[in-house]
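What follows is one chain in structure tokens, specifically the form predicted on its own.
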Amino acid sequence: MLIHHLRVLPLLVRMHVRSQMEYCGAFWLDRLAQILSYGSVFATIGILLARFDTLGGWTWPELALLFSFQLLAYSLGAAMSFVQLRDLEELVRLGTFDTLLVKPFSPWAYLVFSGLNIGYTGHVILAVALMGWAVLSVDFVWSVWSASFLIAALISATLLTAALITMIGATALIWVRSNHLFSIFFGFWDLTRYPLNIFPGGIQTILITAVPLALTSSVPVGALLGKPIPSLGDWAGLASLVAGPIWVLIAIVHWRYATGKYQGAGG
């Protein structure tokens, strides 16, 4: 059964990619709009730095590394979760999620891979380009260990992002409505473009624990650059690496719990 699933997944992805690329010109025009939109956000940060030189002790190249890391981790994690799990609410409300339960296939795997969102290509292009410039410009001596840590932390941050989005979407199986929780998610996510230490202690605690999005941005990047990390201190690097796998396990438990509570279209 597992081998059968692994054979089907590439087919699901290929079919969805073909459908998204049907209007190629419109697709790439939309990606350009994404790049300009997020580029303008980073330009705003640049204007602040031109005025104050540093932000919370972070220089312009360091903030570029932070911003690119945060954007890349989000785009990779959300490509495999956001649109699919956001639309789960509608599937539950209309009762069409029931059809996934009778398929000889994992409902989660079918949702994720049949809707793999290549629309995040613009995010990835901007993040990779900006990260490349930041890596070359930041005042930091790179080594095999530091480069390995950056890659491992990025993978962990990607997993953490996908896990949180999955948990939010899965809540629709219990409450029917869950998309309002995404507004809360993105409200906190917007804060993680900036160093953690510029926020009040209460917000710092929330971004590390209840909504641990700081572990997808300023905590791993700050640990890499040797910045002081509130609350975590010397444990910031380790926390960044284990957060993703731990939250994936939590998301698996939550998904199983939510599907167990699902009562079908009839409620």
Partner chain sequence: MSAYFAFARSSFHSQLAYRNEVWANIFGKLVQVFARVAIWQAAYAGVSAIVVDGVSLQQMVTYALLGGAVLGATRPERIIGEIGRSLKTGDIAVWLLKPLSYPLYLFANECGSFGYRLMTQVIPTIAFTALFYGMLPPASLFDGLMFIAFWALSFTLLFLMSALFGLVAFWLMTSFSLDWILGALLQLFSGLLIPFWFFPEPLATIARHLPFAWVVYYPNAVYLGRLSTADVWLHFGLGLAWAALFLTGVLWLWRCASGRITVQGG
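Numbering follows the first chain given and starts at 1. As the structure is a computational prediction, the values presented were derived from the model and not from experiment.
Form predicted in complex with its partner chain: not shown, discussed below.
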item	value
Triplet M167, S231 and L249 all within 4.5 Å of its partner chain in the model of the complex via a heavy atom	no
4.5 Å heavy atom contact, V138 and its partner chain in the model of the complex	no
T209: touches its partner chain in the model of the complex, heavy atom cutoff 4.5 angstroms	no
P61, heavy atom within 4.5 angstroms of its partner chain in the model of the complex	no
K227: touches its partner chain in the model of the complex, heavy atom cutoff 4.5 angstroms	no
Heavy atom contact within 4.5 Å of its partner chain in the model of the complex, the stretch among 26 to 34, 219 to 227, 236 to 244, 61 to 69	26 to 34
Within 4.5 Å of its partner chain in the model of the complex: residues from 30 to 65 (heavy atom criterion)	D30, R31, A33, Q34, L36, S37, Y38, S40, V41, A43, T44, I47, L48, R51, F52, T54, L55, G56
